[in-house]
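Have a look below at one chain only, the form predicted on its own, in structure tokens format.
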Amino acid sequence: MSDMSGRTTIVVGASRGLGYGIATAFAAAGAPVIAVARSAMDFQAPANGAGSISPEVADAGEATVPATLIDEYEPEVVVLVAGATPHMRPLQEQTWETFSVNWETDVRITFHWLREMLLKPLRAGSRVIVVSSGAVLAGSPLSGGYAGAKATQRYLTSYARGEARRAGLDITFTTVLPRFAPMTGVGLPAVRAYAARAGTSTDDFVNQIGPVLTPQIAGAALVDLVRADATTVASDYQLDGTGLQKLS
């Protein structure tokens, strides 16, 4: 899959942050990209003119949306990045509504899309990437149910991988766990909250993290992952400012 031209790619959650960087990276690599988000978005045309980005305004958490978009566009690559911004407060300052927001959004989206990709199913050789979070590995005591919801995304992807194997489907399912991305709408509030908790400045906290993950780095890493031979692709990766590292 080194040649991305003609490899239709759906990026769910493409309007901001890592999703925006991933959508633009795939288009720059030559792929026709369907950029799915709940609100209208503007994308610049790829500088090299190779690929394209077609915005699709839809609520990815609605049960009928995955079937509609998969039937219409017949993608060979699907990247799920969409999710809610967690309420950054310690446990005792959460309500059930704020605590569960990522279960009702991130997990719901992942469930509906994975289910539909198995039911259709996607064509042989397709790649599916679910962007979870590094909070799965380290926990996240200031974001309510966020870490648990992101762990469930990882479990769901594993279940989908197993069902694809049982059915003899040639579909590669991968989970990517990004660390803090301070330049994104989810990462910045988290960095500020944890810096305040540690009694340090946001800049000092970011410097302690190490190489900063940006939307551009995420996009380049996922393009390389899709271009890789499927037999070499791991089930799970951590993603930081240095790129992808295999977890399993």
Ligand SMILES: NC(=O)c1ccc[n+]([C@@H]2O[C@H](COP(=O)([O-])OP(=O)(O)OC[C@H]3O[C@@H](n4cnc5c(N)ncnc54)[C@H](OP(=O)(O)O)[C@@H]3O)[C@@H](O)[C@H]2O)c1
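Just so it is clear, the model here is predicted, and its values are computed rather than measured. Sequential numbering from 1, following the sequence displayed.
Just so you know, the form predicted together with the named molecule exists too; it's not on screen, but the next bit is about it.
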Work out which of T105, S140, S158, T152 lies within 4.5 Å of the named molecule in the predicted complex, going by heavy atoms.
T105
Here the chain is shown alone; which of G219, P66, G51, G187 has a heavy atom within 4.5 Å of the named molecule in the predicted complex?
G187
Is it the case that V223, even though its partner is missing from this view, gets within 4.5 Å of the named molecule in the predicted complex, heavy atoms only?
no
Give a yes or no for D59: in the predicted complex, does one of its heavy atoms lie within 4.5 Å of a heavy atom belonging to the named molecule?
yes
Answer yes if any heavy atom of S132 is within 4.5 Å of a heavy atom of the named molecule in the predicted complex; otherwise answer no.
yes
Examine T24 and determine whether its closest non-hydrogen atom to the named molecule in the predicted complex is within 4.5 angstroms.
no
Exactly one listed stretch (132 to 140, 70 to 78, 90 to 98, 119 to 127) reaches within 4.5 angstroms of the named molecule in the predicted complex by non-hydrogen atoms, and it is 132 to 140
Counting only heavy atoms, which residues in 64 to 98 are within 4.5 Å of the named molecule in the predicted complex?
V81, A82, G83, T85
